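Only one chain is included here, represented as structure tokens and corresponding to the form predicted alone.
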Amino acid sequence: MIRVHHLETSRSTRLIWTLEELELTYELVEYTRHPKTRRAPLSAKSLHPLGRFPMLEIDGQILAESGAILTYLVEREGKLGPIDGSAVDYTYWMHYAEGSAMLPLLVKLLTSGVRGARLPFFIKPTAKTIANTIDENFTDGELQAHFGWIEQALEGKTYFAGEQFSAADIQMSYPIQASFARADVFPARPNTSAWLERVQSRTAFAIALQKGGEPIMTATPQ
């Protein structure tokens, strides 16, 4: 039995995508964010102490963390892993997605939330100034550096680990999709745009989107 614990508008759409690529049968258990806080429900902590998504029930255990889950599935099924000569790139991008690329995106999400928050009129200018300062001194520069590097790394490449689609592409999909929601920070990124169009044209992605919904964050993350 394979069961996916899926939170709406979250990274766990990647897990559904992976299972569809692997052609595995699974049960989808859906969770809804709190309408005001946009946080995950507290009931998720009955599955894992952190209560964060995605979570996968498989082989008598509950797995958490996207990279760990995808790695387990790749090794279990013997599919979507690196091909000859691509192991270094594959491993790098599998870890880079959450280890590096997501940090400035999350900070930008928080600073945008501060600027749009309903605050007393005498506090709002100070809050906006703090948010703008964080973005000017850290966030925007980090976003440009990271996603400029991704654009450079995709030059002349079909996928992140070479010419074969792999779990590294699924893992990298979330930060790249989220980065296009911040398009005002970036110049044109033809390599990244072509890669995104390529992977989103896959049948398994379309099925995952239909079942799991739009993965991109628009509010406070869980």
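Residue indices: 1-based, along the sequence shown. In this text the structure is predicted, and so the values were computed from the model without any measurement.
The same protein also has a form predicted in complex with a small molecule, omitted here; what follows describes it.
- The stretch in contact with the small molecule in the predicted complex, judged by heavy atoms within 4.5 Å, is 53-61, chosen from 155-163, 22-30, 182-190, 53-61.
- None of the heavy atoms of residue 173 is located within 4.5 Å of the small molecule in the predicted complex.
- Using a 4.5 Å cutoff between non-hydrogen atoms, residue 142 does not count as a contact of the small molecule in the predicted complex.
- Although the partner is absent from this view, residue 39 contacts the small molecule in the predicted complex, with a non-hydrogen atom inside 4.5 angstroms.
- At a distance threshold of 4.5 angstroms between non-hydrogen atoms, residue 66 is in contact with the small molecule in the predicted complex.
- This chain is drawn without the small molecule; in the predicted complex, the residue among 151, 135, 98, 89 with a heavy atom within 4.5 Å of it is 98.
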